[in-house]
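Form predicted on its own, single chain, as structure tokens, below.
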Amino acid sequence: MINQRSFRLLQKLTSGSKQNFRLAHGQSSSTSLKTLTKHYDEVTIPVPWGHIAGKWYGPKHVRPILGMHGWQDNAGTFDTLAPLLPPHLSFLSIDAPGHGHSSWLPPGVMYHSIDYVQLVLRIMEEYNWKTVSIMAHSMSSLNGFVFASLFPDKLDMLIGLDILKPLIRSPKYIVNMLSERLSDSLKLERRLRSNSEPPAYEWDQLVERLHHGTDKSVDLEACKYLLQRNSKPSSHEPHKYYFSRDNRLKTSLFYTLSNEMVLEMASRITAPHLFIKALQAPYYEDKKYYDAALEVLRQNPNFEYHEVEGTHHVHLNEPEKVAPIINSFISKCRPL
């Protein structure tokens, strides 16, 4: 039976198996919102270390578009966009390992971006898919780029949101980052072994911490969609909540690829590829590397590039800005 603290948490969140979403009609985030609902089912996908959790919208007999979120986000990142997608297709938004409701990696194992690329292959194997359609944001967008270059025959469509490709870093940055993250990962392991609960906050404080932790990329009113799968009520501090993702994600290892290697990967992407850049978001690297990859990608006749006003999480805050672009692209790749 659900305890009172858990019940209070559920009351604060968008709950149930029907997903609320907004139609802004030009309204700002401070105005009242019109909501509709769309049904989804919670699913679990077995993996060797546990399970991957997800939200499946639409019929089970239709191969879904696989939705993959950004670093330290979760399947809730597509809560507002999923109901706007074409109704003839299914959509499966997953929690990556260590995120949301998915299993954490075992003790002693570090998270690495390449694991998420292999995760796509695991999901395809579980559902017996010959090909996959991917819609991915941020960290997962660059992993979608990697998947598309390594397995071009297994992909029939890639939609990337805001981060185009693996980021190019200086040798000095890479060496310093590796040293720092390897050391910090051991500190986090010791903290996890203590079984101590993470810091807990009043609900409004939790929302503020998520909002500011994303450099205000996630609107205050949109934080609830991520917190639904990323928070739990404190067991010893009534009326407080803590972030429930795996803290080891903070020391995740990322790609250390050269620009030449990234350009080679870009040249191997042949599937239909849509990329949407949010204009109020940074490029996270020297823009010359971004532009160089974009030039190579544009040699693919099936590549589309669009820019929209908004933050890094524009797809969550203002899904109406990206939905028409995405739906037009989907209608070409997977029509009714």
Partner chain sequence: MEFEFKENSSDGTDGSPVDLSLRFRHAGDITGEPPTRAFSEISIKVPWGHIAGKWYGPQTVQPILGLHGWQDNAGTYDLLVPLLSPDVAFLSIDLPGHGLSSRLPDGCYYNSVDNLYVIRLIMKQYKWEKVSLIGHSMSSIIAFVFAAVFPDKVDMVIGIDALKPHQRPYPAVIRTMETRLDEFLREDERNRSKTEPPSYTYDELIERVYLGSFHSVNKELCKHILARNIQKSGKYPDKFFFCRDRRLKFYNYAIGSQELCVEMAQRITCPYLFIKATNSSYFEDKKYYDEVLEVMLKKPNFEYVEANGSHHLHLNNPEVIIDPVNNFIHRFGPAAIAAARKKAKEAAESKL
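Residue numbers count along the first chain shown, from 1. This structure is a prediction, so every number in the text was calculated from the model and none was measured.
Below, we turn to the form predicted together with its partner chain, even though it does not appear here.
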Check Lys224, Asn247 and Asn327: does every one of them have a heavy atom within 4.5 Å of its partner chain in the predicted bound form? no
Any of the heavy atoms of Tyr242 lying within 4.5 Å of its partner chain in the predicted bound form? no
Tell me, yes or no, whether His88 is in contact with its partner chain in the predicted bound form, where a contact means a heavy atom of each within 4.5 Å. no
Could you tell me if Arg268 has a non-hydrogen atom within 4.5 Å of its partner chain in the predicted bound form? yes
In the predicted bound form, is there a heavy atom of its partner chain that lies within 4.5 Å of any heavy atom of His211, even though the partner is absent here? no
Given the stretches 80 to 88, 100 to 108, 197 to 205, 216 to 224, which is the single one in contact with its partner chain in the predicted bound form, using a heavy atom cutoff of 4.5 Å? 100 to 108
If we test each of Leu155, Met139, Leu167, Val146 for a heavy atom within 4.5 Å of its partner chain in the predicted bound form, the one that passes is Val146
Stretch 119 to 135: residues contacting its partner chain in the predicted bound form, 4.5 Å heavy atom cut-off: Leu121, Arg122, Glu125
